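Shown next as C-alpha cells: one chain only, the form predicted on its own.
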C-alpha cells in the first residue's frame, strides 16, 4: 500500500534528486509539491518543481508558498552551491504548466483534512509553509500521519554556520514552531545525511535511467559535486533531501533516538537545533516542554545510496 505524501521543497539540486524518488517509487503517492524559498527564490523554486514533474511525464499539483522567513531578514540564495537557477546553471527548457491558485499552506490544510490520519508531510527546505499551515488549522497536529523534516544537526555541527544547518538557519522561528508542535515528527539531519555520499558512478546509473529528467539530474550533479570537492574534499555529494524519503520507506537504515527538540532563534547560535534525549533528566524542564520526536543520529550510508540507485534505475 502506497504512502500519500506532500513534499515541501526549495529545488535545489538535492531536492531534484529527492523529487525524482517521490515521482518514481511505487510505494509513494505524491499528492503535491509545495514550494518555499531557500536554495533559490520562491519563483525559481516553483518553476523548478513544475519543470521536474513535467520532465518525469507526471501531472502533480504544485502550490507556491513562503517567499521569506517569518521574522529574520532573508539570506540570499546560495548560488555557489546550487547555481543561480537552482539546477547547476544548466540551460533549462520552459515549463508549460503552472502552479495551483492555492497557497502552499492552504493546499496542505485542504489535503490533510480530506484524508485525516493518512498523509505524511515531508519537508526538505525552510519550514515556513508548515508553520503557516499550523496557523491556519492548529488541528493538523492530530490529523497528519507523520511529519518528516530534513534539517538540523545535533552532533555534526552546522553547514552554514558552525552550529546551524541551512534549512533551520534560513527560518529559525518557523522551525521552532514546527519542531515543537504536538505531532509525530522525525528529524533527518546532518548527523545522518553526512554519512551518505552519492558517488559519480551511482549518479551515472541514475541519469541514464531517468530519461529527460535524468539529464537535469546528471548535469546539475556535476555542479554540486564540484562544490563538495572544494568544500569538503569528497568526490560526490550528500543527497540530504533524498534521505528523508529513504527514512520514510527504509527506517531500519537509520539510527534513531527519541528526544525533545528546540531551536535557537537569536544570537551567534541562531538556527542551532538542540535535542534533549528523552532518556535523560535535566536540571529543569525548559528543554523538554515539547513532544518527543524521533531524531536520526546516524545512517548506513552505503545502504542508503544503494536504495536510492535501485529506486531510480528500476524498470
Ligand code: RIB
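Numbering follows the first chain given and starts at 1. Computed from a predicted structure; not experimentally measured.
The next section is about a form of this same protein that is not shown, the form predicted together with the named molecule.
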query	finding
Location of the named molecule contact in the predicted bound form, chosen stretch of 128-136, 158-166, 203-211, 172-180 [non-hydrogen atom, 4.5 Å]	158-166
Close approach of residue 150 to the named molecule in the predicted bound form, 4.5 Å, heavy atom	yes
In the predicted bound form, residue 124 touching the named molecule (heavy atom, 4.5 Å)	yes
In the predicted bound form, residue 34 touching the named molecule (heavy atom, 4.5 Å)	no
Contact of residue 48 with the named molecule in the predicted bound form (heavy atom, 4.5 Å)	no
Residues of stretch 272-291 in contact with the named molecule in the predicted bound form (4.5 Å, non-hydrogen atom)	none
